[in-house]
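Only one chain is given next, in structure tokens, and it is the form predicted alone.
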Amino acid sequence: MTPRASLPSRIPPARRGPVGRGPRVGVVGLGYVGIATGVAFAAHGTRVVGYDVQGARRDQVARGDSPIYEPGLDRLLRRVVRAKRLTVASHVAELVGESDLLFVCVPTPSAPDGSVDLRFVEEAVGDLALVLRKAPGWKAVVVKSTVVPGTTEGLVREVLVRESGREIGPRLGLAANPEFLAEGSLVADALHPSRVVIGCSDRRTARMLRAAYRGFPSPVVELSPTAAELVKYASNAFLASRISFANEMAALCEATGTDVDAVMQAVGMDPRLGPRFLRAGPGFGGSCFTKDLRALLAAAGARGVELPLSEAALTVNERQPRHVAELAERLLGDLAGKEVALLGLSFKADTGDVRESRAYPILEELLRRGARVRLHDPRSLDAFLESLPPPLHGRISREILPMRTLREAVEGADLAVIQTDWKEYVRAGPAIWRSLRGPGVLDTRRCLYPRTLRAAGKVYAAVGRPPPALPAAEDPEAGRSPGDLRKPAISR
């Protein structure tokens, strides 16, 4: 995935005192998107009211405790809650009564056929509409959840108008306002978005949204609601395609004895391309790319449109875990009966999110080849175990071995596979890796220092680099580590 963005050097202070004259913001759904939306508006000085159907989550946020792990989020949430810039409503009517702009930030999971499941959006909009039927004054519903093109002007408008008894116009506004957040850098992305895309059905909503975003240091792009929705899907499809392209090149680099990082660094220096999302690895995961690609393909297919590039991005991504298992076999031979430590279960570092993590298919591939797998993650072990498919639950403690410490996971294992580049793994010293029984480490993220493995007397193997020579191999290049590959010399 991309290099993780650092936290902003200065988090805007939450202003104290009376509510300003700008529009009041209501947030429906206090998950990743809702929390980010709420704290960002509050930090920039807007009065925010949040609501979630889960009472425990409402109570947690009202105390200033974040329900999700993100660097810097706890601190910012506590700040805006203490300053009373963000409060939590106990019911929908209270939220509607205290808000002008009602942001819908509920999940849009995948349906079994890959299409987007809009039931939570429909329920949230329906609940808002029933309250709006009796609420005084002008209100606008803003869809921030990721929805396929045509949803805001289609399903959302239909439910909103039918259940509220209002038409879009003088008393009711409607807009799409997609988010472009990356987990692991949620706070920075929420406070300083690269762009704000709004698609409004009426002029008043456009004017109010511009006023709400006035304090954000970001350009505002105004489109139609359907075009705004498509921007989100097009962005994710393109970024996912870049990752899959990098993984295709990684396989070629392995076969030609070259270093994928050096190659992609030079490719990314082209100003037409840029360096981001050209990092090869175990594939993309998380709550967005896979889900959104499937939803985009389903929506396009329903309209008779083929998207072969997006299909190929998914195909490459789905085969990458198998490639990781094949690299493990190059180091160990037959995996049957071997113990492999799978390190890192969240889909990326600096987040506790395990949704669509590549650790799931890598685990399944290793088990299918007969390995016993030790699992470790600094933050996500329990969440990963809870979300294992039912057939795998019965294999915990027999073939799937949860480990609470890195040393427990590594000591005596035949191989360690780095799936997530947590700093705990990067900073581990030679003593940890020396405790491996087997030859060394397979680093899918290329985050470790090869010299650390050499100091431990172990080999270092990585996705996108030529396979190392095992110490016992009669190879003219035996002992040469991928870490010895030189980066391109860049002259200024």
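None of these values were measured; they are calculated from a predicted model. When you see a residue number, it is the position in the sequence shown, counting from 1.
Heads up, the form predicted together with uridine-5'-diphosphate-xylopyranose isn't pictured, but that's what we're talking about next.
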Q | Among 101-109, 231-239, 127-135, 77-85, the region lying within 4.5 Å of uridine-5'-diphosphate-xylopyranose in the predicted complex by heavy atom distance | A | 231-239
Q.
Please tell me which of 364, 179, 259, 414 lies within 4.5 Å of uridine-5'-diphosphate-xylopyranose in the predicted complex, judged by heavy atoms.
A. 179
Q) Between the options 445, 44, 58, 454, which residue brings a heavy atom to within 4.5 Å of uridine-5'-diphosphate-xylopyranose in the predicted complex? A) 445
**Q.** Any non-hydrogen atom of residue 243 within 4.5 angstroms of uridine-5'-diphosphate-xylopyranose in the predicted complex
**A.** yes
Q. Can residue 183 be called a contact residue for uridine-5'-diphosphate-xylopyranose in the predicted complex at 4.5 Å between heavy atoms?
A. yes
Q | Contact label in the predicted complex: residue 288 to uridine-5'-diphosphate-xylopyranose, heavy atom within 4.5 Å | A | yes
Q. Does uridine-5'-diphosphate-xylopyranose come within 4.5 Å of any heavy atom of residue 422 in the predicted complex?
A. no
Q | Sequence-ordered residues of 332-361 touching uridine-5'-diphosphate-xylopyranose in the predicted complex, heavy atom within 4.5 Å | A | 347, 348
